[in-house]
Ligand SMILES: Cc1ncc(COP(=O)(O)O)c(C=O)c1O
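Only one chain is shown below, in structure tokens, and it's the form predicted on its own.
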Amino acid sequence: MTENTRNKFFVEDFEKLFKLLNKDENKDKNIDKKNIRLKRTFEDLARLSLMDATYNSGMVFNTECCKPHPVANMAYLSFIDRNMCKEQYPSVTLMERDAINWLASLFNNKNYSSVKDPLGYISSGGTVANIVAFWAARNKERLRGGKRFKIIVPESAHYSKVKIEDLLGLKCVSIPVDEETQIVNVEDVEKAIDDETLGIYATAGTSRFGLIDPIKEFSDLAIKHNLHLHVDAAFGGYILPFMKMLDNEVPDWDFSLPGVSSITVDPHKMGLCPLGAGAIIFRDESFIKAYRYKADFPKITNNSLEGSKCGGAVAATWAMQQYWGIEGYKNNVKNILSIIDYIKNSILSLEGVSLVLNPIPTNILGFDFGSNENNRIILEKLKQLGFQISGLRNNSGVRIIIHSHVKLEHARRIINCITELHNIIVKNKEELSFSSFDSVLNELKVIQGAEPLVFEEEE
């Protein structure tokens, strides 16, 4: 989105609000002052917004989140004033039940159809959902009189593991990943299990590479040692089931494995919902009963870590499930996979370029341009062009996330830029300097419309 387009957006919104607030202008003697403040507020919002990249720009390749679907936005705004309280807003409670049941079915949990209440809830995000998973596990352990407090966690797991450890008083035992595969060795996990081990934290779609832990083997260990196996599918939950439906090779990772106790998923990632929509789903009611509490005033039963929650997140999640359904999400993933193949094949056709990991497990690509120095230069120059993109540890590669906001023309743009930058590196192997890029960077900036935005100081 260009600066003019962005400003037009805010001006149009301001004009609508201006008319709304001026309906009773004759009754308000201070209307002029209010209008001046309103205009200044919106001008400041427009100016501040220019600091951020937009999904429409086609320059964002580093986020697991997405541009929300218009249906999700409309549903969110329609219920933005509703709290998650069934006594006051029963509609939100009904939508949450349906949304959780939909996800439970997607993740092969057959128990949802035999219980009255949902086997989880729509949380504010994946971090909270991960905490709740082990909150339930810890409380179940306490209820049975046990004293286990350790969790086995691959080092590739999300940083919410630190908060789980700190807030719940549990100890996370970190297991290193293999340097080549970036996956933990199952034998190392089993060796770490002892009489104090409560559970295992697994991931279906790691933040760095989109990889899937050996969850089937973890499931066997969970059953063997009576452990709580939690699967963090915040990122992968809305892509892996549909990849499998499209006949891609996806290992078992969900409730189809008998050892899986809970799953986290984020509708605000691959589910195309506005931010603030996560979810936790348990295998059965016993986990929710372990942490459920009743408040004295108001007299309500709470099944979540949060107290007040915006009903908009529930409405958005439910609306997308109803509007798109399985077929809609499957087609979305199909489109994403076609863009992934196009970018992958185009960049791999360049001399000396390879994948950091192969095969591609989800929708994260990692490219190695021949050396750590080459990777550093490519990454730095792409950022100078205005791309939102990230590198891998120690400049071991350039990381690209393909989401639904990345269209074919956006893919062509980043491919063209990477190709030009790579050609300079190959051509100037012996005497490579930053000045080698000056002319092509200027040309690409004009073509891409990626000139850095500069704010003018007000007089």
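Position 1 is the first residue in the sequence shown; the rest follow in order. Model, not experiment: these values are computed from the prediction.
Keep in mind that the form predicted in complex with the ligand is missing from the display, and what follows is about it.
The ligand is not shown here, and in the predicted complex it never comes within 4.5 Å of any heavy atom of residue 372. Contact annotation: residue 312 falls outside 4.5 Å of the ligand in the predicted complex, judged by heavy atom distances. Mapping the unseen interface onto this chain, residue 127 counts among the residues with a heavy atom inside 4.5 Å of the ligand in the predicted complex. Within 4.5 Å of some heavy atom of the ligand in the predicted complex lies at least one heavy atom of residue 64. Comment: 265-273 is the region of 265-273, 249-257, 138-146, 90-98 lying near the ligand in the predicted complex, near meaning a non-hydrogen atom within 4.5 Å.
When you look in the predicted complex, the only residue of 235, 318, 121, 282 with a non-hydrogen atom within 4.5 Å of the ligand is 235. Checked against the ligand in the predicted complex, the candidates 185, 182, 207, 108 yield a single residue with a heavy atom inside 4.5 Å, and that residue is 207. Residues 158, 160 are the ones in 150-167 with at least one heavy atom within 4.5 Å of the ligand in the predicted complex, listed in sequence order.
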